[in-house]
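Here you get one chain, nothing else, as structure tokens; it is the form predicted alone.
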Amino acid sequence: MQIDCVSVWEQCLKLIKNKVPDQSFTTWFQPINAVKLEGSVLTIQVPSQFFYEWIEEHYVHILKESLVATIGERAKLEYSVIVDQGAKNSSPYTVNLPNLNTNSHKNDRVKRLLNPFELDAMDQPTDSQLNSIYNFETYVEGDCNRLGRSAGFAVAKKPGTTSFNPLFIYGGVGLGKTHLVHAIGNEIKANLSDKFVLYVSSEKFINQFIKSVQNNEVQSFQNFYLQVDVLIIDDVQFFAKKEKTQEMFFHIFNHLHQSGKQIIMTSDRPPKDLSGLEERLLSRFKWGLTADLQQPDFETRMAIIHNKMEAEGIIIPDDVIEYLAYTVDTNVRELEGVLISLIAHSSLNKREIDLELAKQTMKNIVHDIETEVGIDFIQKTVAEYYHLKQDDLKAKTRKKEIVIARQVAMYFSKEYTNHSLKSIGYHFGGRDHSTVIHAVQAVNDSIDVDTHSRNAIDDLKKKLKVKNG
């Protein structure tokens, strides 16, 4: 049956969509069009040179896997890059995809270990399952993650021989757990090539174990894991209520630990808060070091933005970095998502990255927090109520009438938005969080004792409900 380029690309997109975050898929893959299929060579059209370079740097392996899975091992890919002038005459950038089943770079030991190990259909057998883009150089250290990073680096230098075995790293979504454990694994591989390092998510471990039971290959499954030198298990909280899986992991854990092999685990909560896991397993999780990753503080977010942009060879103004660091204060993943979207908007719209573009980008992609628009409306409403200018609320003046209005606006910003105290202070002329705390307390106190203040707050609530109700 003859297939066309559009059908091939649609099939590739289905495979790619399962391997990348939704936001990345929308930003970097949906704008691509398939333009030609000749034999096993697929030509895709990308919007710009920057787009081509970004895809090649960050997603080429996923493209390779999807294309080989769709067309076959002889698959090749060509890019047609749109340019402003003479696009029809521009030659496509050609990239030949190698045979992904070539294992010549792997040593015999890894080949032998893979024999009893059943991977999902879309996985390509590798000796580690690590993502090479994650390393310690790109992992920004701050107060929020210093313990985990320091312990991880110590483990990377001497796996299995430190007191940090097992190393248990926990924290909320998007705080850098996966980045850190991949960095540890990659550091070990770079300096201790004889060590067999394996990264596996708890979900994949569970699925592989179930498959081994179905195929009567439990012993092969166990034998494979018993030969690993450094085992990295991501999101162990998903072992909850999986009794047989827990039993298998218990035996693997014991053997590796007793053999001086390194075990690294991540979770979204500390061992003491994990429910649905056997006590004997939880007790072993506590044998080594438990380190938590917290939300990055303002300074760390600034450093993350700066490093990310520098790595991409992009220079953005300091006021944009400051704005993003103040506004996105949830987690690293959301911050990186904002940066990717900002870069994409700049490339597609052919605009320099400035504060206005940053604000527009934030409006489009950040749904769970109120951005400057919310505080801006509050400031305008409060300023009009007190017969002031909006800029008066941001000024350094200490006039009583302005101080009162500013405190009221800060009070409503705290009540009606999800901004942090630092972020609120930033939008009121760069004041610190203690000023916001004082303002909120002052308004609460005045409501309790002063009828005039209480009436003013009630009037403003009615006006603000037009926007927030």
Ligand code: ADP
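The first residue of the shown sequence is 1; numbering continues from there. The shown structure was predicted, so the numbers you read here are calculated from the model rather than taken from an experiment.
One more form of this protein should be noted, the form predicted in complex with this ligand, which is absent from this view; the next part is about it.
This ligand in the model of the complex is approached by N145, whose closest heavy atom lies within 4.5 angstroms of it. Although the partner is absent here, T178 sits close enough that one of its heavy atoms falls within 4.5 Å of this ligand in the model of the complex. Residue contact check for V140: one or more of its heavy atoms lie within 4.5 Å of this ligand in the model of the complex. Contact annotation for E336: at least one heavy atom lies within 4.5 Å of this ligand in the model of the complex. Contact with this ligand in the model of the complex, defined as a heavy atom within 4.5 Å, holds for exactly one of A240, I210, A395, V173, namely V173. Only one of the listed residues (I263, L198, I304, A183) places a non-hydrogen atom within 4.5 angstroms of this ligand in the model of the complex, and that residue is I304. The three residues I32, W54 and H345 each lack any heavy atom within 4.5 Å of this ligand in the model of the complex.
Screening 316-324, 251-259, 131-139, 284-292 for residues having heavy atoms within 4.5 Å of this ligand in the model of the complex returns a single hit, 131-139.
Contacts to this ligand in the model of the complex (heavy atom within 4.5 Å) from stretch 421-447: none.
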